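One chain is shown next in structure tokens, namely the form predicted on its own.
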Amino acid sequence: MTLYQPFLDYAIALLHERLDLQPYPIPTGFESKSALVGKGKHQEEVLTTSTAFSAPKLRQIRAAHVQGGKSLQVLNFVIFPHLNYDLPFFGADLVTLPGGHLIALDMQPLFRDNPAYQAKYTQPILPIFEAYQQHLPWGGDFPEEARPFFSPAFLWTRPQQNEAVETHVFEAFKDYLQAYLNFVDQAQPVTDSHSLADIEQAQLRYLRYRAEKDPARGMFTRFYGPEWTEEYIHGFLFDLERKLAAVN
């Protein structure tokens, strides 16, 4: 059992309970990938597994889970809505490296600075965010260019102990995901052509930023090589542009 496996197990069980889940195609070669890193007695196997679903209002629900021993554990879990909903993205980046834990949890907004959008999707979750702040203090600066892609309820923290991850972070993950699925329940399709165009552009902005700045690129390249890494990022993790190009 790895540090973030319970998070993934919980998420999949909850999604099955609350949504009509369908499998989402994972390109061949990306379901599972392993590599040996280190030398001699320090050698470890690094295993990356991919999980993906879709649901009536959600285009892609996907997880990348990296397991590389005590000092390398990563779960990147993201939900992308269909383009005819104004739902935010659900984003969980749960990272354990030799230097410690990096935790980022948010409902990442399409239109961060729109007051009506904030009232609809950020205000309701601020109490959850505030409830965890006392246990999970702010993790410090993050890039200015990233700010448009995070909400005022962005839970960004660097806990020192595994225990904080197994308790407070896990509870926050559950609460954020439950709240997100409540938004999904209530979401109504958007039909106005201008709004639909705005949603598509906002989704593409987010995906292009995430694909270009993916912090895992260096790690994956080291383990699996650049060709596999770029295809994994653009062909699975952030695949909207490819999907739109295939339709058009």
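Start at 1 with the first residue shown and count on from there. Please read all numbers here as calculations on a predicted model, not as lab measurements.
The form predicted together with a small molecule is left out here; the points below concern that form.
This chain is displayed without the small molecule, yet in the model of the complex the stretch 104-112 from 171-179, 104-112, 79-87, 130-138 comes within 4.5 Å of it by heavy atoms. Residue in contact with the small molecule in the model of the complex (any heavy atom within 4.5 Å), chosen from L237, I12, L240, L21: L237. In summary, among the residues V190, A216, I199, A52, the only one with a non-hydrogen atom within 4.5 Å of the small molecule in the model of the complex is A216. Contact annotation: R59 falls outside 4.5 Å of the small molecule in the model of the complex, judged by heavy atom distances. G99 falls outside the set of residues with a heavy atom inside 4.5 Å of the small molecule in the model of the complex. Put simply, V165 is far from the small molecule in the model of the complex: not one heavy atom of it is within 4.5 Å. Although the partner is absent from this view, K33 stays clear of the small molecule in the model of the complex, with no non-hydrogen atom inside 4.5 angstroms.
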